[in-house]
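This document starts with one chain, in the form predicted on its own, laid out as structure tokens.
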């Protein structure tokens, strides 16, 4: 560790792959200065700017809200924009960065997320309000909001999807990201098609395909719980007609003030 610089250095091992020249992926090492506050994304920018301009990766906001920079770091999926480089080094001062697993590599750290977005669209992630929508606003109780379990904070980074072993076996599986979004809509009292949604998820490639391994929970940078959402959808699918009827009754009162408690 260290050179003529006033700062120590770190070894960044990056999986490289150029489909135009490489038969298979290979690892390449770079050395970067370990300055205070340096993130893993900073290290990648340093390499691309000053050492190898061909290095390819995705990034955008740098504030952990866009989900673009999800990568496989030291064997775990995470966002690299807010990952301190120093904390990711092993005892030899090295870090290993690979693209997200289970997805086709386009180049270096960039993967093809087509299956990810196809499954997302499959669950109709948009809100379908009732025909007789309130003239002013919908009224939701605190309990109804809490039941969403912050699923709306999912940033669609793909970390959970590409950590799921079932996704590794088949891209037909809807996946934890899409099922979490389906859960968000099913639990929303403003949505008018919960029965249709539950019927679409009630199959061998839906909620019953999950093996409850919890990889999606460990990978989520927002500390969400896709597994719990999937378990909830399973239970609701078993009483779909009753749940659908309850939603119809609830929507008759969406414009009424919520009683004080």
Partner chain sequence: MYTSSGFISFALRRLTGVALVVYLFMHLWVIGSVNAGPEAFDARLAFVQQPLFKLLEVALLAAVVYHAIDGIRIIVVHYTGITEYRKSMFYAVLAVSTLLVIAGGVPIIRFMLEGK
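Values in this document were obtained by computation on a predicted structure and should not be read as measured data. Residue numbers count along the first chain shown, from 1.
Another form exists, predicted in complex with its partner chain; not displayed. Remarks below refer to it.
When its partner chain is considered in the predicted bound form, residue 101 lines it closely, a heavy atom lying within 4.5 Å. Within this chain, residue 219 lines the site of its partner chain in the predicted bound form, having a heavy atom no more than 4.5 Å away.
For residue 94, no non-hydrogen atom is located within 4.5 Å of its partner chain in the predicted bound form, even though that partner is not displayed.
Heavy atoms of residue 31 never reach within 4.5 Å of its partner chain in the predicted bound form, leaving it off the interface. For the candidate spot formed by 72, 76 and 165, every residue has a non-hydrogen atom within 4.5 angstroms of its partner chain in the predicted bound form.
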